[in-house]
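Heads up, the chain below is alone and in the form predicted alone; it's given as structure tokens.
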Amino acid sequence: MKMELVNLNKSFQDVSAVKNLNLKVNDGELVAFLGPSGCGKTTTLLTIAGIYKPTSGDIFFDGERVNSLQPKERDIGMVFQSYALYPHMNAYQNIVFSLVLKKRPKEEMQREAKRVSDMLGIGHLLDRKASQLSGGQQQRVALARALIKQPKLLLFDEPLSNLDARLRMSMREEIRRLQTNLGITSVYVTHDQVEAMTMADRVAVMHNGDLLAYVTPEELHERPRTLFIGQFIGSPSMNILDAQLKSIDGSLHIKLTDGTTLPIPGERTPKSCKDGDMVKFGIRPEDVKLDSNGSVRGKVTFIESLGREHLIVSNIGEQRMQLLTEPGNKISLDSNINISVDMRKAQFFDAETGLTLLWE
């Protein structure tokens, strides 16, 4: 199924939760809606499902306007954060509940329940009550309940938020594998950038009801369109420093607040800028290195062991810069360090609007 949102708006009294949203989801594609709490992603999902009615705008499934259709008429399956299983029913009864409502034959329900439960590896759990299942098992039952309807569109509302980190990883793999194999068009709402970046074909980043970007995960990371995206995507987050553009010996540099200057490669020249303009300079921690010959000097204020690497936080004058190093270095708190910055990976944003100065 192809799904399209055209000028979609949703307001609650005087609060605009979704503002003039336009996007298309291709047949068989998994699209993630990513953003912080309150950004409008779940409201958009529930509007697609028909649980909310749009204030204005249109929703199309395969070219057909579905604004007036009830949720049960939209041929969708939903998987919720809370699982929403009936506690008095066993797993089998939860899975086949939609077929019971449609008064399907018992043999069909048994056949379809076996199909989806075997697909998800929960065939041996069908007699257990929901309260007897672990969180991961409950999530699989909820997914089986959605899949048994053979929907044309799958909607996920933060389905892994209640699981521990290890189980989240395995369920990410499971959901993506199933979605790819079955070819079901899917919309996946999450505040977890790892889920969005590892699972989705494209990511829609939302903030305060606005769609900021709708691109592939790679482009989102490498070519952030706004300062918000640059800081929101990536862990640890991108360093953002105040800087001034300076022309030195005919070449463009940035001057940090402590007086350090760094040359800007030609391909990273900020657009529509001139000598003396203030910009926001962004660089990811993985593109900053300890280097005895580095031109940036800092003082270490924090060290965090991340296992395979260490996160070092240093003060550059009155500003803060994070970098990643391999374990085993002799760096200690309050020590002075020299840093090199890979300016081929630099990002520049307008100091007032926060919009990129590099990408169209």
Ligand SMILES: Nc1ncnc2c1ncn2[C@@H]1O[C@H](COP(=O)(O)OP(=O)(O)O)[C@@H](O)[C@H]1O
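All figures in this text were calculated on a predicted structure; none of them were measured in a lab. Numbers for residues come from their place in the sequence shown, where the first is 1.
The same protein has a further form, the form predicted together with this ligand, not shown here; the description that follows concerns it.
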Partner contact check in the model of the complex: of 326 to 334, 311 to 319, 56 to 64, 32 to 40, the stretch with a heavy atom within 4.5 Å of this ligand is 32 to 40
Checking 346, 25, 21, 17 against this ligand in the model of the complex, the residue with a non-hydrogen atom inside 4.5 angstroms turns out to be 17
Applying a 4.5 angstroms cut-off on non-hydrogen atoms, the residues of 47 to 62 near this ligand in the model of the complex are 52
